[in-house]
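A lone chain, given as C-alpha cells: the form predicted alone.
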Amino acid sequence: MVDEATKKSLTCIPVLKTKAGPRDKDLWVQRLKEEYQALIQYVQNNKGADNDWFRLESNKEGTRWFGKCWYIHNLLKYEFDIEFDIPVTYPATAPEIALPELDGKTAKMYRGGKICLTDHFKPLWARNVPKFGIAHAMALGLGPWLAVEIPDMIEKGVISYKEKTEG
C-alpha cells in the first residue's frame, strides 16, 4: 500500500507519545510540542532530500493550522492554500485537510475543499493512534493526494498554472 520512498520518509518522522487533544489542557501543550518536533524533523528531512513541498503554522492554541503546499508538474510550481482544524477528539480522529481553492474541482474532495482520505489514510491513522500526528497526515495523506490528483486536474484542464507576480 505504501511505496518504499514513503516508508523511508515515514521512518524518519518521530512518532508521538502523548495521547491528548485540545480539551486536555496541559497534556495538549505536551502533545503540541511533540507535533512541532515531528513537523520540524519532517520538513528538515524533505529539504535534505530536495523535496520541500509545504509550509504550516498554527494559531496560538494549536487548534487551527494553515499555510501553503505546492506541487511541481512539468517544471511548473502549482501552489495552494492549506487549512485544517484539530478535531476535539484528536488524536483518535485525524484532521480533515482542506485546499479551499480546489473545492468542487475533483470527486476526491468533500465540501469546503476537504481532501478525501477515507479509504486509505483513515484506517492507517486509526491503527496508529496516538503515534501519528500532523506530520504523518501530511506525509501519508496530503502528499499522496497531491501526487495523484494535481496531475490529473492539470491534464483535464481543471486547474492551470498561474504565473507569480511580484507585488
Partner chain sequence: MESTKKLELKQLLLEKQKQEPAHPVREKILQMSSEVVDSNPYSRLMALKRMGIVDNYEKIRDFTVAVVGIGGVGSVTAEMLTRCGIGKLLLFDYDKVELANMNRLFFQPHQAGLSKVEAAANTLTFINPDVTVETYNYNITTVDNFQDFINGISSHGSLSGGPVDLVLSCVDNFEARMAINSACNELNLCWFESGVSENAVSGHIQFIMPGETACFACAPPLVVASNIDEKTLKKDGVCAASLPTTMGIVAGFLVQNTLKYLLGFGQVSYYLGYNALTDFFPTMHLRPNPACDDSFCQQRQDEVKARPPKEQESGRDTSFDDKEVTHEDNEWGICLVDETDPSELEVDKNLGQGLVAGVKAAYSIPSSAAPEVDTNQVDTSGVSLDDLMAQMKAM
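Everything quoted here is computed from the prediction, not taken from an experiment. Residue numbers count along the first chain shown, from 1.
From this point on, the text means the form predicted together with the partner chain, which you will not see here.
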(Q) Quick check on N51: any heavy atom within 4.5 Å of the partner chain in the predicted bound form? (A) no
Q. Though only this chain appears here, would L16 touch the partner chain in the predicted bound form if you measure heavy atom gaps against 4.5 Å?
A. yes
Q: Look up in the predicted bound form whether P144 has a non-hydrogen atom within 4.5 angstroms of the partner chain, and give yes or no.
A: no
Q: Classify P123 as contacting or not contacting the partner chain in the predicted bound form by the rule of any non-hydrogen atom within 4.5 angstroms, answering yes or no.
A: yes
Q) Listed by sequence position, which residues of 110-132 have a non-hydrogen atom within 4.5 angstroms of the partner chain in the predicted bound form? A) Y110, R111, K114, C116, D119, K122, P123, A126, R127, K131
